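We begin with a single chain expressed as structure tokens, specifically the form predicted on its own.
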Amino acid sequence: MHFDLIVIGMGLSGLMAAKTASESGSKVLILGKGMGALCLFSNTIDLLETLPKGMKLDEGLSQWIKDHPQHPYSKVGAKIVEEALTSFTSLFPLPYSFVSAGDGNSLLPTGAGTLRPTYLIPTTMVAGASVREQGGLIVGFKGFKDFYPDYAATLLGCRSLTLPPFRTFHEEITAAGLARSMEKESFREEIGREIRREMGNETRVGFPAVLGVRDPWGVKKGLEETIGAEVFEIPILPPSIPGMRIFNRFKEWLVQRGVTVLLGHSVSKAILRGRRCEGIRVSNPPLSSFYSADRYILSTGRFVGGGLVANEEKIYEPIFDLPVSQPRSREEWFRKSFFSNLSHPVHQAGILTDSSLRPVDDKGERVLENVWIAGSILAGHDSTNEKSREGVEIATGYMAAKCAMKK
């Protein structure tokens, strides 16, 4: 079982790396314990919150790179970021695609009734970007605990409607259950008629982001035909149904291209000789398998994905035992005020790399020759505070594969 490239990690950076490498004709294996953070956080594609509304992407990103020379975007460069985003969006042709407001951020409503800046938006959410100015009806479901329409509508200046329980649900309502039900025409017509009876003069209706997994645009159009108003999705608490759509699309594309996908498999050990990785042992109890490759990309994320592990003394990387850039002591992980507006030092922890995303130590010496690093495990950024998670993952996954396949 020898491959040209093995990608460790099934999050967005790993998926982008596998896609990019497969397009060069390489034999690729991607494996991971689960779906990464896609099913938790990813509803839209965040590039950089500090990019002001209306500012062009290349202008704002270029300035950020100048001001943050250790940031992953600085390793990648603005041109590669744009290339990577183009590669990502190519997987999602119309009608369900990802679009931007011109060449800058949009302000999108959230389930908490706030507005957050984000760069690429699914077409099912676009109409929500102007809901605060134009108003609308915010719809929720009685018993669905991950979205409170009254609260969101009040802050957004809209009217709310909570739909009663429907025959479809016999137990607690979940986002996944709602998404499956939305794909049934009978269910859409039932809730559509109920909403139409309660409509005032609203011309748009906002739903939690559960408009199906397989065909969200078809669900949206079906609801609009029944209700007689424009429908849009609002991002809500995890699990993220839009994130599941992204994962499923990548997986479908990779399998069609002949990429070997092992979901539910974790790497138990990397076999190293000198400054090269010769193979990995993969655990899928009760079995253990060995896979080898000429090149490897590590994209296991930070603490949530298990890419970094913390004990009482330090943070370490468990697969290759790579050096981790981190505060000198645990006492320095957080600032004196936990709720400080500034990023905590621990959130900048990660793997240091050279300009081609290969791991280096604190002196800048390359640690492994045939291993590249991608995604949130990289040092020098705080994607949560910067609102750059998906942008960093897409760009570094793309570049890591490009650099690896040049060898």
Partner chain sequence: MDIKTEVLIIGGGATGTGIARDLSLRAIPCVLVEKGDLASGASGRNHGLLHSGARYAVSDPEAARECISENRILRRIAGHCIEETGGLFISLSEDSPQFRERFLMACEEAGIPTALYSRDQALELEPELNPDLLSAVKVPDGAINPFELVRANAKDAERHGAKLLFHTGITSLLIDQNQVRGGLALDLLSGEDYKIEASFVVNATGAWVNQVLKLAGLRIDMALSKGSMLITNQRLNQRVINRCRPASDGDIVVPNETVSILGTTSVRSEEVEDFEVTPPEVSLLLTEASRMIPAIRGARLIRAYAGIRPLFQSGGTGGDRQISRSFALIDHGERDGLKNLMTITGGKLITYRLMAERTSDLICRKMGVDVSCSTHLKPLPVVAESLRPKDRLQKIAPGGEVLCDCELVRREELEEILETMQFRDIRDILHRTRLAKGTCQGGFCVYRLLGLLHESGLVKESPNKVLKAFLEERWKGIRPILWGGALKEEELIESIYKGIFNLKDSVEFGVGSSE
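Numbering follows the first chain given and starts at 1. Quick caveat: nothing in here was measured; it's all calculated off a predicted structure.
Same protein, other form: the form predicted together with its partner chain, not shown, and the subject of what follows.
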Within 4.5 Å of its partner chain in the model of the complex by heavy atoms, the stretch out of 184 to 192, 303 to 311, 290 to 298, 272 to 280 is 303 to 311
Indicate whether residue 114 is a 4.5 Å heavy atom neighbour of its partner chain in the model of the complex. yes
Checklist entry - Does residue 49 reach its partner chain in the model of the complex, with heavy atoms at most 4.5 Å apart? => result yes
_is_contact(residue 321, its partner chain) in the model of the complex, heavy atom dist at most 4.5 Å_ = no
Legend entry - in the model of the complex, residue 249 touching its partner chain (heavy atom, 4.5 Å): no
**Prompt:** Are all three residues 156, 335 and 341 in contact with its partner chain in the model of the complex, where contact means a non-hydrogen atom within 4.5 Å?
**Reply:** yes
In the model of the complex, the residue from 347, 27, 56, 68 with a non-hydrogen atom within 4.5 Å of its partner chain is 347
Assert contact residue (its partner chain, in the model of the complex, non-hydrogen atom within 4.5 Å, options 121, 139, 211, 236) equals 236
In sequence order, the residues of 377 to 393 that place a heavy atom within 4.5 Å of its partner chain in the model of the complex are 384, 385, 387, 389
